[in-house]
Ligand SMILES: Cc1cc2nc3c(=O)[nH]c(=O)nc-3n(C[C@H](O)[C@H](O)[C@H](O)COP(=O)(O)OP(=O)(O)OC[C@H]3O[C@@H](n4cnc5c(N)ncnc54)[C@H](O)[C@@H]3O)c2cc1C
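Starting off, we have a lone chain in the form predicted on its own, written out as structure tokens.
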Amino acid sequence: MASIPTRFDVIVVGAGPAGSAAAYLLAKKGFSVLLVERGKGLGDKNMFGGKVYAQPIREVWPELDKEAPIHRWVTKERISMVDGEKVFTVEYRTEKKVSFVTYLTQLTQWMIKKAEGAGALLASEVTVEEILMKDNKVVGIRSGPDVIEADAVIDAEGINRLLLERLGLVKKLDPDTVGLGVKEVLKVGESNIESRFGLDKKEGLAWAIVGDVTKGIPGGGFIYTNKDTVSMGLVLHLSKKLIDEGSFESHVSSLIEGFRLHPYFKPYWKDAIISEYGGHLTITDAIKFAPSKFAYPGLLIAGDAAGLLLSLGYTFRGVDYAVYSGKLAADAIEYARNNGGVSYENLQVYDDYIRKSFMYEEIMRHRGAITLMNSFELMSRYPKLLTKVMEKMFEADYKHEVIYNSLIQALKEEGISPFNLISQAFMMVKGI
């Protein structure tokens, strides 16, 4: 830090997708930008399941399709409901390049190098201990004894918002708003991925799983096919209630091992080598997690720190939201420069940008999904109900039951009234 200039136009805290996008665009617009990252290597601290939606990122980097480390374009989307060894699966196929699978570490490395190439200065292995305030305005950062000033600071520190907590702008992490994601990367081999998952070269699969894989804990499983590996894992919704009830008595490693060894899924990665294992927190209730404002005097909040993540159960959007929020932060600072300076009055346009963005509109439009994702019925009882209906339809030695009777019998066995099924199915469709 001693070799770094002591003043910049903008300091960006966190070199993930949000911070890298903001630093890249601001540097391109002629601002002096310091991009500060706590990790040792580029992208070291970034982890997620594996699927990224492309179009919002193309708005920042139109060269994404040609240059980014894209492993496979998602051409198959699967959803499975699991009850014991019984599995009910639906699949959708598309040829459109909507989303892709990759390692977030590689993608973030590419983004950071783009920011550096545009002129942003990267300082890695730097822990920001404090966002500095003077006269109720953010004026810079402190790392140890080193102080660096700026006209504006963009906080893109991620889900663990320690700096914002110290400023008193957000509360301490609430278990009711986050989940624990745990992932294994299995070395399968490129040809095995294509033959076992029914994919051609460059084609990828995104697979969402609900039901018995989480052993009654709200959440679900995921599978993504990378170039020559498979990313598989679980997202478990945390809550004070579940913790108090002892729902997390089993270590998460035993849950993911049970998923990996499940007789339905195991053949897909037969003889695979576990090359990576990791866990991280993820946002499950974006509305409650989000700060009350996204812009403060001298400070903008972007990416996960701003609660900008959409979780619908069957798909997740976080990386593209982070990038797009970084773009809006850069747009807001440019607006401020062009309209008299980086005053709070001018920076408040960022709050308006966020609330009118497709991201915020989607989060609010799908807010019913939050309740559903925490629903025991959706995560446990309904997967069991559907597999029972399939069992009655297909496991017949002589006579096949009509679908209506199969459903009624399964409802009785599960103690679910037809009225409740219709009501909750309507709420699910409306919410998600």
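On a predicted model such as this, the values are computed, not experimentally measured, just so you know. The numbering used is simple: start at 1 and walk along the sequence shown.
This protein has a second form, the form predicted together with this ligand, left out of what is shown; the following refers to that one.
Contact annotation: of the candidates Y296, Y350, Y324, F316, the single residue with a non-hydrogen atom within 4.5 angstroms of this ligand in the predicted complex is F316. Residues of just one listed stretch (72-80, 275-283, 89-97, 170-178) have heavy atoms within 4.5 Å of this ligand in the predicted complex: 275-283.
Within 4.5 Å of any heavy atom of this ligand in the predicted complex lies no heavy atom of K114.
This ligand is not shown here, but in the predicted complex it comes within 4.5 Å of a heavy atom of V13. At a distance threshold of 4.5 angstroms between non-hydrogen atoms, A22 is out of contact with this ligand in the predicted complex. In the predicted complex, none of the heavy atoms of R58 sits within 4.5 Å of a heavy atom of this ligand. Contacts between 97-117 and this ligand, taken as any heavy atom within 4.5 Å in the predicted complex, involve only L104.
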